[in-house]
Each structure stands twice: as structure tokens, then as C-alpha cells.
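Form predicted on its own, single chain, as C-alpha cells, below.
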């Protein structure tokens, strides 16, 4: 437990040191989307029976919680390649579970901050959504899933260039094709089947359903929990290999 707290507090101290810049970065992209799509389309465009902004904001929540939680991989790589902090973790009596758990929780914390920023930015647009327990449960599971994936992949890459490739070929396409900006039903059937394999697709659907007051999408929630558990186990394996 002490090792887990140490890893998490280290990441939080770094976050605290650059909190203003981080919050500004978390706000820029969602604000641009809200302004561009909010004023361009607003309530004049109806999707699934609701205004486009009501459809968009839950998608932005899903996308930002994914990108911000996955962003912990960059911090891990900086610590590995430049500060050699991971070598100190190797020498310290910190278990793999404690290390992975601390980094994953740090990624989840960043994601929850980003979600809070989006919900605050949405207030001036007058969008009324429901942010109940199921909404937050899904956001937490989505953050856990991609933070775990981030730790797993961060142990495999050999340079920042490799990390950039992962972001470009995995995270960015998922951000735009995971049901964040448009309903998947408008795509060809074959594309829908392919995109159903993406965790973000189920996260977007479950978060949007909860935010719009629909019945909980337990299938999507359970799938996220299962994928997150697999990624967490994968992170434990890659950390063990990196230590060996």
C-alpha cells in the first residue's frame, strides 16, 4: 500500500506543479468542438431525438476521459527515458501491482479532471443532462481501461517516436470513430461491426445513455470492466518484463 501511495503521490505532485497548463490543455479541444458544432448546428440538428449538443457532450466526455487517462503513458516514458525514475522503482521494494495501480489511478485522476472541465464548459450552452451514479461509473471504467492500456504500452515502447505512433494509430482514430461525434448507425453495416470491437464505442454509448436519462447500458459497462481487467493484467505482465 505504501508503494502504491508513493507512486500515485509522485504523479500528483507533477500534476500539481503544472496544473494550470494541464487544465488549459484539457479545455482547448472540447471548447473548440462546442463552439464549432454548438453554434454551427446547435438544436437545429436532431440526433436520436435530442439536440446535437446533448448528443455531443457525452461523446466529448468519453473521448477526453480516454485521451487524458492514456496520456499517463507519456509521463511514464519521460520518467523512463530521461529521468530514469523507473530504474529507481526497480530498486525500491515496490511491487508490480503497487506500481501499476499507482500509475493507473494517476491516469484516472487526470481523466476525471478533464471530464469536470467539459461539464463546466457545457454550462453556458444550456445543455441539460443527467450525471448520476451510472454516468460516473462508466466514466471511471473508461478511464481505468485506457489508463491500464497506457501503462501496458508504455512498458513496450522504446522511444517517444514509438509512443507518438501508438497515439496516432490507436487513440486518435478511436477518438473520432468511437461514436463520439456521430451515431454509428449512419455508417455501413461492416463498419459498425468493426467499430463495435472498440472499447470507446461502448463507453460512448453507455455514457450517452446515462447522461440522457435512459436505462443503464449494463452490457457496455460490463464489457468495459472486462476489457479494463484484461488491460490491467497486461500492464502487470509488461512491467514485470521491463523489470526483468
Partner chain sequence: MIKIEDLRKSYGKTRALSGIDLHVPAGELFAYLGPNGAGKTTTIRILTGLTRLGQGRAALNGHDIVRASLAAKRQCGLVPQQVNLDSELTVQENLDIHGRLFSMAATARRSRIHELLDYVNLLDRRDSLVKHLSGGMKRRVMLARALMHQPRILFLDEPTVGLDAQIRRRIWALIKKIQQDGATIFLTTHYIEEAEFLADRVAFLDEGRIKAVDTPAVLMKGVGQWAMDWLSDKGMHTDYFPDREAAVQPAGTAKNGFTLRRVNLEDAFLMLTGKKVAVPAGDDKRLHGGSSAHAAHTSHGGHGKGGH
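Residue numbers count along the first chain shown, from 1. As the structure is a prediction and not an experimental result, all values here were calculated from the model.
Separately, the form predicted together with its partner chain exists; it is not shown, and the next lines address it.
At a distance threshold of 4.5 angstroms between non-hydrogen atoms, residue 89 is in contact with its partner chain in the predicted complex.
Using a 4.5 Å cutoff between non-hydrogen atoms, residue 13 counts as a contact of its partner chain in the predicted complex.
Put simply, residue 169 is far from its partner chain in the predicted complex: not one heavy atom of it is within 4.5 Å. Taking the partner from the other structure, its partner chain in the predicted complex has a heavy atom within 4.5 Å of a heavy atom of residue 85. The partner is not drawn, yet in the predicted complex one stretch among 92 to 100, 153 to 161, 114 to 122, 127 to 135 has residues with heavy atoms inside 4.5 Å of its partner chain: 92 to 100. Heavy atoms of no residue among 46, 50 and 216 are located within 4.5 Å of its partner chain in the predicted complex.
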